[in-house]
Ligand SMILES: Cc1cc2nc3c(=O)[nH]c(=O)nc-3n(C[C@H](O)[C@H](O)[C@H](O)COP(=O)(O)OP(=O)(O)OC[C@H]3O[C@@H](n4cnc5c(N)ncnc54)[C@H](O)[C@@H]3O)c2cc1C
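Starting off, we have a lone chain in the form predicted alone, written out as C-alpha cells.
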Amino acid sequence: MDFLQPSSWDDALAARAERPDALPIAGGTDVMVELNFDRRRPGALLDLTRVPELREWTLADGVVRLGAGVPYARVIGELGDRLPGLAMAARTVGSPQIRARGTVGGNLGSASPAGDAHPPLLAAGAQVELVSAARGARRVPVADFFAGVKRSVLEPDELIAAVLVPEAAGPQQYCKVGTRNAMVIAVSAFALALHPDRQEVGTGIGSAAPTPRRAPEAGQFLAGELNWAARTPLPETLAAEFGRRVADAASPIDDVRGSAAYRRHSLAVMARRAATWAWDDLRRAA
C-alpha cells in the first residue's frame, strides 16, 4: 500500500486525480479501524493532515466555512456559540483523544448512517464543498450528499474541502441513544434547530435509516403550530405529535445495537424532548 502525504491543497487534489484508488485519511479514527480489521485494502492512503487549508475555519455573511480537517475538539472549543448543535454532537464523539483527531470532514467522508456530525448538519441546512482538480468546486446540500450505506455523491477525483454551516439563528439540540453518552456508536440520534428568523424547524435523524436523513414533514408541522410571535409554552400534546412524526420519517432495521421498534420509540422521545428544550430556550431568550 502506497502512502501519499501532500503538503498543499493543490498537491492533494493532484494526487487524488492521479490516484483515484487512494483513500483519503484525516484523523484516521474510522479508516484505521477498517484497515486493522482488514475490511478495506486501498491501493494507497492519501494523508491530508499536512494540508493547512483544511484545518482552518472562517465566518462570512453568517456562514461558517469549516475546513474538512478541523477536529471535533476545536468545534467544541471555538464554535460552540455559533454552531451549538454540532458542538453538542462533537462532545459525544469518542474520547478526548478521538475528538482531538477526528474531523467533521472525515465523518462525512465515511458516510456512515450513524455519523454523529450528520444530524446537526442536516438540521442546520449545511452544504458540503467538494473539489476536483479537473472540474473545480461544487456545493452539495448535506441532505443530498448521502447516497446509501457508507456511500456518498463524492466522485473518485474529488476531495471534501469544507462544510458550510449557517450560524445558529436560534436554539439547537442534539440527542443520542447508546449504551453510554460517548465512546459508542449511536443506536439512534436526533438533532433539531429552530430558525426563528424564517419561522422554520430543521431536523436530522441518525442511525435509523440507510442514510442520515431529515424529517421535513415533521419540521413543517411543528413550525406551523408554534406561536413564534407570543412564544407561548409548547403543549405536551404538540411535542408528542412532533415526536411521532419524526419516528414515522425513519426506516430503521434490527441489528446488534437495537431493534427497529426501539429506534422508532427512542426517536419519538428524543424529538419530543429536543423540541421542548429548544423552545424553552427560545422563550427564555425573548
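Quick caveat: nothing in here was measured; it's all calculated off a predicted structure. The first residue of the sequence shown is number 1, and the count goes up from there.
The same protein also has a form predicted in complex with the named molecule, omitted here; what follows describes it.
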Candidate stretches 256-264, 215-223, 65-73, 241-249, one within 4.5 Å of the named molecule in the predicted bound form by heavy atom: 65-73
Distance check, R82 to the named molecule in the predicted bound form, heavy atom within 4.5 Å: no
Partner proximity in the predicted bound form: A268 to the named molecule, non-hydrogen atom cutoff 4.5 Å: no
Contact of G28 with the named molecule in the predicted bound form (heavy atom, 4.5 Å): yes
Partner proximity in the predicted bound form: T103 to the named molecule, non-hydrogen atom cutoff 4.5 Å: yes
Listed residue that, although the named molecule is not shown, lies within 4.5 Å of it in the predicted bound form (heavy atoms), from V201, L159, V142, A168: L159
In the predicted bound form, the one of M88, A114, L164, A209 near the named molecule [non-hydrogen atom within 4.5 angstroms]: A114
Contacts with the named molecule in the predicted bound form - residues in 78-92 whose heavy atoms fall within 4.5 Å: T92
